[in-house]
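Single chain ahead, by itself, as structure tokens, in the form predicted alone.
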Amino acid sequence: MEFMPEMQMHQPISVEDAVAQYSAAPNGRYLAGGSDLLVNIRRGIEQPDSLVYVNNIPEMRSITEDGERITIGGAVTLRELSQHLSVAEHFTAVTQAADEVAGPSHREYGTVGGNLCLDTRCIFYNQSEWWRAANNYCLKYRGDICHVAPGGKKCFAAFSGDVAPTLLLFDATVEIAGPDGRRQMPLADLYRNDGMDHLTLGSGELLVAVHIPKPTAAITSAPMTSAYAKSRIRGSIDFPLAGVAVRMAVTGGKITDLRVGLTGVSPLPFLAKGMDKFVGRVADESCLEEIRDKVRAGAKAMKTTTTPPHYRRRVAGALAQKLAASIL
């Protein structure tokens, strides 16, 4: 680890102030928990000259709800999210995912916005300066070659945030503030399938909050359950080698609703395709095995970790099968 460079710290108390201070900074970054950003600064991967600290903005530090939705501020800590009773009641997988991020001390200061906007990771990128320099860097930063797939010009660094795939299960939207004002968009539209440029945020834009619509009467008429699980090398701290979120409802032994979200296996979190084919099926062992195989086929992991890609694909399928079985 290298020494921290000198940086100017801004501490706004409103979203508008934060955006203005960021816009005035030549090479600034937004800072909340800093559990990933500060490590990357010390490694020389990020080199900002100023930080805009958003944890003093009341709007971004609260979880609120009304009859239609729950709103989670971008600076809400992962511990706070994991222990929120109303979120757990309606969106169990979300609180489970928040409780699975890194270790307890990280969850005390790591934030929802930080986890959703987490930089993509790769064994050729998340290294010290001297290690990266010895390998002529990589395509994602300062290099010309992707060491994962040297023959192409695409970066395969993987998104590894835990919370995003669970929010995708429930059609969450994100509220973004920037120099041109505020806007909302589906969470899925926040991401690109590009390890070098995986977020669609414009210059100076800040993720202010996440809005999750509460289940409608049509959905709640059938018992719907959700869950999240992941595989990692060290169970107490590591990023997911593969993370899986499942939302499922079964009525009369038949599947009436099924969604599967994935993380850790692609440059973006995503919902697995083809789950509609299982709606109306009897939720027996054969069906669960088909769900496993379908998820495995859609998890196109590359060698961005020390664990082989084929293992991560198999793990993703096995987790989906296990979570679906636990919901029955």
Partner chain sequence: MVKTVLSLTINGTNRDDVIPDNMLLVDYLRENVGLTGTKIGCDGGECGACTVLINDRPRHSCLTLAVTCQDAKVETVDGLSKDNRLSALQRGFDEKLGSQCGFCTPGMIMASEALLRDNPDPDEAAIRDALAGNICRCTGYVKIIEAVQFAADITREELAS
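Quick caveat: nothing in here was measured; it's all calculated off a predicted structure. Residue numbers count along the first chain shown, from 1.
There is also a form predicted together with its partner chain; it is not shown, and the following applies to it.
Q: Residue-level question: is residue 325 within 4.5 Å of its partner chain in the predicted bound form, judged on heavy atoms?
A: Residue-level check for residue 325: no, no contact with its partner chain.
Q: At the 4.5 Å heavy atom threshold, is residue 79 in contact with its partner chain in the predicted bound form?
A: Residue 79: yes, in contact with its partner chain in the predicted bound form.
Q: Contact with its partner chain in the predicted bound form for residue 63, defined as at least one heavy atom pair within 4.5 Å: yes or no?
A: Output for residue 63 is no: heavy atoms all beyond 4.5 Å of its partner chain.
Q: Is residue 33 close to its partner chain in the predicted bound form, meaning a heavy atom pair under 4.5 Å apart or at it?
A: Within the cut-off, so yes.
Q: Using a 4.5 Å cut on heavy atoms, which of 281, 42, 69, 29 is close to its partner chain in the predicted bound form?
A: By the 4.5 Å criterion, the partner-contacting residue is 42.
Q: Within 4.5 Å of its partner chain in the predicted bound form, heavy atoms considered, which of 133, 237, 185, 85?
A: By the 4.5 Å criterion, the partner-contacting residue is 237.
Q: Which single stretch, out of 100 to 108, 86 to 94, 188 to 196, 241 to 249, brings residue heavy atoms within 4.5 Å of its partner chain in the predicted bound form?
A: Stretch with heavy atoms near the partner: 100 to 108.
Q: Would you mind checking 50 to 69 for residues with a heavy atom within 4.5 Å of its partner chain in the predicted bound form?
A: 51, 53 sit within 4.5 Å of the partner.
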